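Before any questions on how it binds or moves, here is one chain, the form predicted on its own, in structure tokens.
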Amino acid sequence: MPRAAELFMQEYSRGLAALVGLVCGLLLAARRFGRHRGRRPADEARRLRTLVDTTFDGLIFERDGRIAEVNQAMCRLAGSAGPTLVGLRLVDLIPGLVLPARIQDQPTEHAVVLQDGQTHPVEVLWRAEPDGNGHVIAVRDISRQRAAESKLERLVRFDPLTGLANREQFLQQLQKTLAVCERGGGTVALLVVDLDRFGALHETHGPAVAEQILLQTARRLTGTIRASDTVARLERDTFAIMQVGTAQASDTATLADRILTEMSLPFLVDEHPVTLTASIGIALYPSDATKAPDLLRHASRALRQAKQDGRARWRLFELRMDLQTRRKRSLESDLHAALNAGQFSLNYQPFISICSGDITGYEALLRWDHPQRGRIPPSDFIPLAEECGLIVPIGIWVLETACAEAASWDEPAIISVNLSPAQFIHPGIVDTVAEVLRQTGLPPWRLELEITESTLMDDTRNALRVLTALKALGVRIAMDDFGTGYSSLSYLRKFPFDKIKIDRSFLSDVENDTEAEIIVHAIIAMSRSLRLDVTAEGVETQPQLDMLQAHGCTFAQGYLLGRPCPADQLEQRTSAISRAAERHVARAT
């Protein structure tokens, strides 16, 4: 019983005990008064009866195991008139009630049998009458209390929106199931289902639509499982399924495929279709884990792998995932020390004007030289830094270092710096950029901040506010990795960008895929109509550069035109880069 309900029942019991004591005292006083004042016993009896009938709780006067008298409250509680109760055996009205002296004045819970055979929960407290010939029994209706406790119990154990078991209840049930399997044998599959890009849907369509999607998701998942399986909602858009007694892994794979198919069907909200997908991570008992928390952790790791592999798919937990996680934790520990130990450095890659071949700016690229592991690829440590929150201080160091070094260059080239999503939403980012510009003396127009499309998806209103404030400082804003998201066009109309960067994946296919060239051409044409500059990333071959120049692209960046290098090598390599870039541009012309 919840603590609040327990305290409430204690107060109930104290009140009930006081009532029983009062009635017994009145009976004793009435009898004594009747012996000494015999001329008024009828009047006093009527007064006593009136007092007893005005109480809110039921009262029973018992003699020899039968009901001798009841008050009106007891009649209402039992749904019977007084005459029908008088003479009835007490155990027929309240089954199981016995009156041993050792539990006198201690409340017990019972059920009153109604005329239609149904029962009503009550709390009973009794005391022997002063003359020892019977008992006074107080009966209190606790149906509302039980309903409140049931509601509280449901709130504690079940998700209020979907009615599914919540995380705590699910883990308890999972642990009990695993304990049964451990004693008697058996298998359990745990599937963790997460909606893809739910944050963007919530932002675009609002909370009412998001709630409808969650409700429909709960119904779809419940409809895909057997009666012996369990569905729960673990958190906002993450659900779990416990599949018991799977004969082999293929049974779970079949269920996962069925869920993916169901989730790929359009959701209907206010008669409008909304398309969404889901990703699934799976862990098996006993092969992957024998404890509920471990099984859930492994299924969650498999879910992350499914997300990394492109979403809308399922993945089984594999031991290598656990090994990768341990490696990540070790790398995370080293990452904490790397910033203070001076293990980070910046390389600069030029981007050139396709028209003239001139170097117009450089992108700052972070490098980590680990004392034992050597140079660690950014693709390994940048996501880890974002995950553990270190990307914010690391990002500030990159911004400060890049601006300070760029301010020392003889040529006023633009310096392009990436802002991670965590940096962008971090409070005070605008003040940080303003302070870095003030301290380094770099003119604002020479700083270009690159923002990925995913940065804008979760909170477009705040994103617009931040970007507008950054533009007010005089810096340039570029959308990085353009074309990899699903709503880039709407972002270009809504946000104050100066440039877009075509993702390198389009350039890598352009020589062998005519559709890729059509996409690149469309992006360039659209950007020119919006008066935005375009930088094409990943230019590695002359045909790629020829195509970009033919379609009117503004800038190009890639190994063909210049590899990244440290700041101290820029001066000696700039001339060579410029000559090579001019040759490539002239050849394209």
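Throughout, we count residues from 1 along the sequence that is shown. Computed from a predicted model, the values in this text were never measured in an experiment.
Missing here is the form predicted in complex with a small molecule; even so, the following discussion is about that form.
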>> At 4.5 Å between heavy atoms, is D509 in contact with the small molecule in the predicted complex?
In response: no
message: With the partner left out here, check for me: in the predicted complex, does some heavy atom of P378 sit within 4.5 Å of the small molecule?
response: yes
With the cut-off set at 4.5 Å between non-hydrogen atoms, does E123 touch the small molecule in the predicted complex? no
According to a 4.5 angstroms non-hydrogen atom cut-off, is C388 in contact with the small molecule in the predicted complex? no
Query raised in the report: Non-hydrogen atoms within 4.5 angstroms of the small molecule in the predicted complex: do L366, Q423 and E450 all have one?
Result: yes
Interface check vs the small molecule in the predicted complex: of H205, R304, R504, H110, the one with a heavy atom inside 4.5 Å is R504
The one residue among N71, Q243, T162, N418 placing a heavy atom within 4.5 Å of the small molecule in the predicted complex is N418
Here the chain appears without its partner; judged in the predicted complex, the stretch of 533-541, 520-528, 63-71, 548-556 with heavy atoms within 4.5 Å of the small molecule is 533-541
